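There is one chain below, alone, in structure tokens, taken in the form predicted alone.
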């Protein structure tokens, strides 16, 4: 079995962060989202992975992931070009798949429980496709599955205005090669895209069985800033956090902390976990790093209060007062203004920004 990870798309809901890099490389708990997908696939013994790229972010993804050797997998890059729908992206991988069953994984997804159950069920049975689904509060935003009383799929609809159920396709699929015959028959939807839900509907109509796996653990589509912050909280809650860096005398630390081996918490700083602090980062005197915060590499924090936030890295934050629920891009400098502003700032800051608070 092979796998493809879809890493195209413009990341419009994450602008300005995605003006300067692909959304799949935004770190959650100091690890790019794309790496979580690769880990899930490796955990089900899939080593041949195709990453489908769009028109932007190609170089950044290839520079980070390379040929996959560092991750123990073999990576092939597949160019989709213009984002013409998920089914179009799958169709671009036909030559790579080469007649095998394969997993399709949306590259901005993170799941707590991984994909073992879905993949093993598909391997041990004869299905045309397998889908991961979960109950959601806003089903009109997703592809929706309607099932009968026995749990058998009746119909799949992409982003319905009046959803019949709240069972959403979460972006993890397993396909047999019959999916390519279905894709060949598709016409663009009203959105102008080739929809993967329509392809699965064709597979169902052609008489193939569809395996359904309800995801019971948490799942996050990291397509919006608030989703990234929530995923960061969830992962920090579950992750084994280790202190490998240096904590000076006079520093106050509480709870679980991940501190990279080249990073320092200086005397007079306060860090309250769960917190992740990446390499070559210094938390200086007067800084308070509160729970559910990830600080990326090559950063300096001093005389500031930050919590429930993600600092992507290469940044200096010296602003007095509280920064909360914020996503802060690379190469950002945030310092205090001489003008007084109300306490408690929530920021979505793009790369190479300079702010006075």
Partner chain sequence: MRIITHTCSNCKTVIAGNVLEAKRVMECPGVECETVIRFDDLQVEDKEYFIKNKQDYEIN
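What you see is a predicted model, and the numbers here were worked out from it, not measured in a lab. Residue numbers count along the first chain shown, from 1.
One more form of this protein should be noted, the form predicted together with the partner chain, which is absent from this view; the next part is about it.
Looking at the partner chain in the predicted complex, residues 71, 110 and 217 place no heavy atom within 4.5 Å of it. Note on the interface: of 226-234, 151-159, 183-191, 201-209, the segment with non-hydrogen atoms within 4.5 angstroms of the partner chain in the predicted complex is 183-191. Checking 120, 100, 95, 146 against the partner chain in the predicted complex, a heavy atom within 4.5 Å turns up for just one residue: 95.
Of the residues 78, 243, 136, 270, just one reaches the partner chain in the predicted complex with a heavy atom at 4.5 Å or closer; this is 78. A residue is said to contact a partner when one of its heavy atoms sits within 4.5 Å of a partner heavy atom; residue 167 fails this definition for the partner chain in the predicted complex, lying far away. For the chain shown alone, residue 106 is not a contact residue for the partner chain in the predicted complex, no non-hydrogen atom being within 4.5 angstroms.
Using a 4.5 Å cutoff between non-hydrogen atoms, residue 83 counts as a contact of the partner chain in the predicted complex. Shown alone here, residue 91 lies within 4.5 Å of the partner chain in the predicted complex, counting heavy atoms only.
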